[in-house]
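Presented as structure tokens, the chain that follows is alone, the form predicted on its own.
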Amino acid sequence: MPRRPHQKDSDTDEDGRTSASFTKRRKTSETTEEIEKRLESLICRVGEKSSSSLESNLEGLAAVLEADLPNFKPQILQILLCCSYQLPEKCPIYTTLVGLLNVRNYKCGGEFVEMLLLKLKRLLSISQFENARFLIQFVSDLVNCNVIAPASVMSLLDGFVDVTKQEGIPQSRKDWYVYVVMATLPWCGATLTEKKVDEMEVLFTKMQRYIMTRQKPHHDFLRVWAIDEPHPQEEYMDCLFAQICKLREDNWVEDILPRPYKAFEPVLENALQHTFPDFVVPPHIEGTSLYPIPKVIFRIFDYTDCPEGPLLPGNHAIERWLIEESMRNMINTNKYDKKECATRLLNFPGKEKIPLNHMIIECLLGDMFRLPVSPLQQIFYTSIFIELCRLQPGMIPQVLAIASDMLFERLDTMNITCVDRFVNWFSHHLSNFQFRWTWDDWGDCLQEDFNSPKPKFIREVLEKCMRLAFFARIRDIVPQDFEPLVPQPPKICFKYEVVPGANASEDDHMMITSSQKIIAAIKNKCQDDELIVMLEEMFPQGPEQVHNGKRLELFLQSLLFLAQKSFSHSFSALFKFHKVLKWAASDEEGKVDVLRITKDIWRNHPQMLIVLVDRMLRMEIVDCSSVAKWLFSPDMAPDFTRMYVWEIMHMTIRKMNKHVARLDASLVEMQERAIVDDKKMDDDEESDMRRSYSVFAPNEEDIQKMKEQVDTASGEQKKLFLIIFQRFIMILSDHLARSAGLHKNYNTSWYKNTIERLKEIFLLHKDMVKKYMSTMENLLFTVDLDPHILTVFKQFASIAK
């Protein structure tokens, strides 16, 4: 929908004149565009803060819309249709408005119901399942306003549950249609039970049978914590079904949903109802129908964490789900305006009935940690937490600190992807509040092995904070006891530095002297060819020798030492001597060596290492496969569980995926242009001239070349994933075999970290990995593989389908 018009706080225009001075010149009648904007504003803003009651506003709006129906019916119905699924937090308000319009104009109500069903079918066909869910809730709530007959709604919901009987479809399709029925019942369950009790009994029996028999191999794959203590990590379908059963036992009584239509019952009960034929669910289309991924419910608080004020609803209370859904709807509606979003959350309707601050924090953290990906970008959650703390400094920071302590205490069982998100969020949050934190409260972890989750978390947080400040600032914010966890100063480690008085061997002295010559040549602005000749003279290469590691190391160490001042200096150096680097590292071994040398010289500055690897990939000094081989090499073993290693890994995979996607899009665009231009081709003189200058679509030869590029890129992508998964299998299999041979427990912190990184690769790049599932199943994840590793592949396969 169009953005709502900005409302000025003053009636004064830009020239300082008041609206009264224009009274005589104002048009006697509004234009069509002005009326449409006015109608949109009135409809979109109904239910917001007002001096009048909601019932009065609804009644007045219904009268205004009724008056404008003869001339603006299509526009009014279209605005209401958009509001029905784009503003789900106002669902009962809009259903009441539609009910009042239906009383006044029955034909208009029927047309709107037809529009709803057509839109629903469209949303389902194009896989916009979240909007479709909101629209189904809206349709079902219309039964409470006497707009739609209960039999029609009952038939609609029953048809959705019957999707579970279809054969040859993924479980995710069945899950979604059952989930949407359960998610609809809080709105219409009471009315349907009153009017269609037998049909509701049958519906519940079908849902219960499905819930009890469905498979859940994804549960362990998607949970934030590995154990259910202190809070169970329930699968989302199981949790919602338990909440609906509890609501049913309570005779469908809850006090969260607003029901403004109750104030109009004397009017609405006399309305004529609409019926519609059986709704035909759009069929499943393999490769096109994309259903939502299952979830695991995030819980961090219970009623004991809210000793004062209102009680927190229980895990199986429908109020818990309704509040969380309403908050998520508010967040999604206002996601581009953090101030408005935070304000609306803090002014949540009925906030006096719930521990609002705890529920806001839990809802936002649950979304931030949701696997495989968060609903919104990570920076949004950082921004909204900061805004909440600023708007309510007396309460939100305290609850957020309690939540952070709880997360820290449960790091031992936390999913590694969620740990990374925790590190990123926590460090960014601290940087906005002068890096203040009660570090002494976490002092007990200093007695643990520094490779265990808690000390490692603190070290990663401090390293991230250093990227947002500087070394001395970070060193000073933590107590002295935490000094072992403070990162090293981000200084370069130059191998050939001249150290006065040092006893260097003859070989070392020769290398230092050669390095000084290289540095002098670069300072004197020598050309690439001159530098290549100099390196060849220093390190002659035999006829059968492909790669000279010493020559490459000498040059790259010297170059990066000279360019150490900043990122920009380093980028310029790589660009200027790009030809020399390509020559010195022409084969796969050389590319891996480039990365090893870069890591060696910048081992105390992970951020510099990350950006240099990214730049080298862009300049094609190294390729994605060589980065993967380097990360799994023995040289990187000491840092294998460090967070920056996996930043580089995911950056590399994303770069490859974007490259393939870009070529795919170019090929599709080229083919479409060829088809369109072939149809438009004619034989006039202008067309001959345009054809001569290649203005028309590319010919068959151009398309074939693009196809070859796409095939080559897809082959490189496939090779990258095969390398990554093969290396995972090798190191995990070796660890499991060695542990079994020594009769030791295999489930070490290294093993937990590595097996979860394997899961992370599957989850975060699932759409690309799915393309090569059959190849990996035949070559890598075979039946003779260790069950601990094979289980991960099977769990991912259940989600991928």
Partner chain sequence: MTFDPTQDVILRPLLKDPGCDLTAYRDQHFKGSRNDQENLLRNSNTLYVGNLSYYTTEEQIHELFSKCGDLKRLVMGLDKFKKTPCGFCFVEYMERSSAEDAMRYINGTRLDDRVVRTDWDAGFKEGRQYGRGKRGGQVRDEYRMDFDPGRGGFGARAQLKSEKQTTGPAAEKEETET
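A quick note: this is a predicted structure, and the numbers were derived from the prediction, not measured. Residue numbers count along the first chain shown, from 1.
Keep in mind that the form predicted in complex with its partner chain is not shown, yet the notes after this line are about it.
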| item | value |
| --- | --- |
| Segment that reaches its partner chain in the predicted bound form - one of 732-740, 52-60, 772-780, 34-42, heavy atoms within 4.5 Å | 34-42 |
| Contact residue in the predicted bound form, chosen from 307, 484, 283, 74 - any heavy atom within 4.5 Å of its partner chain | 74 |
| Among the candidates 87, 418, 574, 300, the residue which, in the predicted bound form, approaches its partner chain to within 4.5 Å (heavy atoms) | 87 |
| 4.5 angstroms heavy atom contact with its partner chain in the predicted bound form for residue 380 | yes |
| Contact of residue 568 with its partner chain in the predicted bound form (heavy atom, 4.5 Å) | yes |
| Residue contact check: residue 726 to its partner chain in the predicted bound form, 4.5 Å heavy atom | no |
| In the predicted bound form, residue 452 touching its partner chain (heavy atom, 4.5 Å) | no |
| Within 4.5 Å of its partner chain in the predicted bound form: residues from 91-122 (heavy atom criterion) | 115, 118, 119, 122 |
